[in-house]
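For reference, the chain that follows is the form predicted alone, supplied as structure tokens.
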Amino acid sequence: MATHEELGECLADFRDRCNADPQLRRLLLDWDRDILVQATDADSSYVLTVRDGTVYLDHRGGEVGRPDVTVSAEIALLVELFSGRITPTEPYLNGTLKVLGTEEDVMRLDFISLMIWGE
């Protein structure tokens, strides 16, 4: 089973890849969002915060305010997803991955993952 620490490492890598890509940072300039990443089978949650084109990662135990987007799944799936080993399409379609937010926010998050890891 994946651990809270593994999820944190994958999200830190995701953050670093976002922040290292000048084109992606330009695309994020007008998209300030709080993205809650929450494991459904473990006490593990993180928040990816996007402000002025920069992505920040914060571990938050317990309650989190009102995120703009919530990504939830079993922790192993989240690790696979945020490490780029799988794409979100199949788990989203079969219901093992839930992404709650506006359609634009969900599409933007999907586009970010495509820019980082490709198809």
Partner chain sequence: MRLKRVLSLPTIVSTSAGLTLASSCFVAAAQVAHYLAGNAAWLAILVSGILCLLAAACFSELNGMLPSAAGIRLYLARAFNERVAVTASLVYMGVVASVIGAESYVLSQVLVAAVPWIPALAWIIILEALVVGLNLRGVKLAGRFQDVVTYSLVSSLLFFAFLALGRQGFSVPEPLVTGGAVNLINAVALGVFLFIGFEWVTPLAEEVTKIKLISRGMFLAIGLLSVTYALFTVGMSSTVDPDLLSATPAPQLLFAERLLGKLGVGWMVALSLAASVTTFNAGLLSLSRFIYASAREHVLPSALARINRRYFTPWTAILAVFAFALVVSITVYLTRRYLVLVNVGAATEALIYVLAALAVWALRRREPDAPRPYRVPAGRLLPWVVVVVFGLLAAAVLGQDLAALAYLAGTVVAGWLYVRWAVPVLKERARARRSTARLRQAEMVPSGRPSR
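This structure is a prediction, so every number in the text was calculated from the model and none was measured. Positions refer to the first chain, counted from 1.
Beyond the structure shown, there is the form predicted together with the partner chain, which is absent from this document and is the topic of what follows.
Using a 4.5 angstroms limit between non-hydrogen atoms, Asp52 is distant from the partner chain in the predicted complex. By the criterion of a heavy atom within 4.5 Å, Pro22 is excluded from the residues contacting the partner chain in the predicted complex.
Taking non-hydrogen atoms only, Thr40 never approaches the partner chain to within 4.5 angstroms in the predicted complex. Residue contact with the partner chain in the predicted complex: Glu74 places no heavy atom within 4.5 Å of it. If you check the partner chain in the predicted complex, you find no heavy atom from any of Ala2, Gly8 and Leu78 within 4.5 Å.
If you take 83 to 99 and check each residue for a heavy atom within 4.5 Å of the partner chain in the predicted complex, you get Ser83, Gly84, Arg85, Ile86, Thr87, Pro88, Thr89, Glu90, Tyr92, Leu93, Asn94, Gly95, Lys98, Val99, in sequence order.
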